[in-house]
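As structure tokens, the next two blocks hold two forms of the same chain, structure 1 and structure 2.
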Structure 1
């Protein structure tokens, strides 16, 4: 008899992540790819990659969880047994690894969040999805402007002896300020660390505004791989920042753990490319709401729809 395995997928606007765990929450395999504004094909690619790494002979996937911005769409594609928001998924994953965690700082590709934990329960949280100045996408675009490989950005930033101040109120101001500083001859490393500090200040003054940040503090999301940003957080908060090797996978890890309570006799197949999935958006004119309805088709058969604010949209 095969051992049980649980699949968690976190699909966001920038990246798509997957984790497969065993009964003891050990990670059997994982994958991380870019979404490229196409969540359906991103998940097909992700599942294909997992197929080449998964031990079919020893394990069988018995539940699937999805989280992230496209969780409903991907959940219906894969027949997920649980679909939950990323706040809950990140918290569950982090608490499993750090039972005493009090504060979770997360900066992703296009949004950021803070989650406060009290006795292993979410006590408060906040998200920023409106401003890109404190996100991974912003940092990547500025690295290109400076002709710096994003993977080397943190190391270059740590060489700074005199970091400069970058206006961090919004992307437009920050980019304008960066261009000006580069033109008048500031060193790349000083600009790079100035950017790291600006991201931290933006986060603390917006996302974490009014929140009491207590230790232990865990930093996760794609930007947690940037050691320059880690140092800037530690300098500003005057506290140690914990960063895990799987910090960028924590949403997928958390939803995989949550899926264990929703085990089912799944007919899941890694041969997902055999199926054609597509979405079509239609407007419901059956009442004054005029809702936009998202229709999901599998091999041209309607399998689900959402977006309705009343029962008319389901007819």
Structure 2
């Protein structure tokens, strides 16, 4: 008799993460790759990488959960037993890893959020709404402009003695501000740390506006890998910030835990590469709403469609 295992996948705008856990929420194996704007192939690569690491003689995957912005597509593709938003998934994962956590700061590639936890229960959250300034995408593009490798960005920022002030309300304005500062000869490290501070300020003034940030504070998402931003948070909040090595996996971990409730006799196969998945988008044209209908094909057979606002769209 094989032991039960649960697979969680978090498909974000920048990276795709997978975690397989056992009955006691221990992580058996995990994987992290870039999405490269191609979630279907990213997940295929991910699954074949997991295949090489996973001990399928002792374990059998009995449930799959997907989360992240491509959760629906990938969920349908893999036959997921639960598809949930990334906010809930992150919170559940973090509560399991840090039972006493009170605040989760999360800055990802395209969005940022704050989740407040009260006694292991989510009590409040907020997410950026109309603007992606102050997210990973912003940092990456500015690093490129400064000709700094994004992996070294934090280290360079830490060298700064006099960080510059950068208008952070908008990526475009921040960029012109940054160019101006560069043109009058500011040091790269001061600009880099200025950017880290601007991200933190933007986050605290927009996303976390009006929320009470209590300790322990856990910082997650791709941007949490940037030690410049961690330092800027600690300076601003005057509190210790917890960043753990598997912070980037927390969404996948959370959804794996949540999937345990939705165990099923799965036909899941690690040989997903044998299937060809395709998405075709069509306009419905059946009424003036003109919904965009997303059609998912598996080996050229339609397996699912969504996007319709009324029943007409499915005819």
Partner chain sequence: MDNKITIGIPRSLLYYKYNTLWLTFFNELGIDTLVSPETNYEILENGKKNTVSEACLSLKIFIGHVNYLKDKVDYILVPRIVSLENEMKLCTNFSALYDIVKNTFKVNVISYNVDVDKGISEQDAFIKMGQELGFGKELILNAYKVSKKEEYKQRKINYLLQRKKLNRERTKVLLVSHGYNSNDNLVGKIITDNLKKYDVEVIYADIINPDNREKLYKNISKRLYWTYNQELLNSIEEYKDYVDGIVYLSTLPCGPDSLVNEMCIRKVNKKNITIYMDELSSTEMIQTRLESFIDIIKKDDIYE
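Positions refer to the first chain, counted from 1. Remember, predicted model here, so these are calculated numbers, not experimental data. For the two forms, the rigid core is made up of the largest set of C-alpha atoms that agree within 1.5 Å on superposition.
- In this comparison the chain labelled structure 1 is the form predicted alone, and the other chain is not.
- After superposition on the rigid core, displacement of the C-alpha of residue 271 between structures 1 and 2 stays below 2 Å.
- When two forms of a protein are overlaid on their rigid core, residues whose CA moves 2 Å or more are considered shifted, and residue 246 is not one of them between structures 1 and 2.
- After superposing on the rigid core, the C-alpha of residue 287 is displaced by 4.3 Å between structures 1 and 2.
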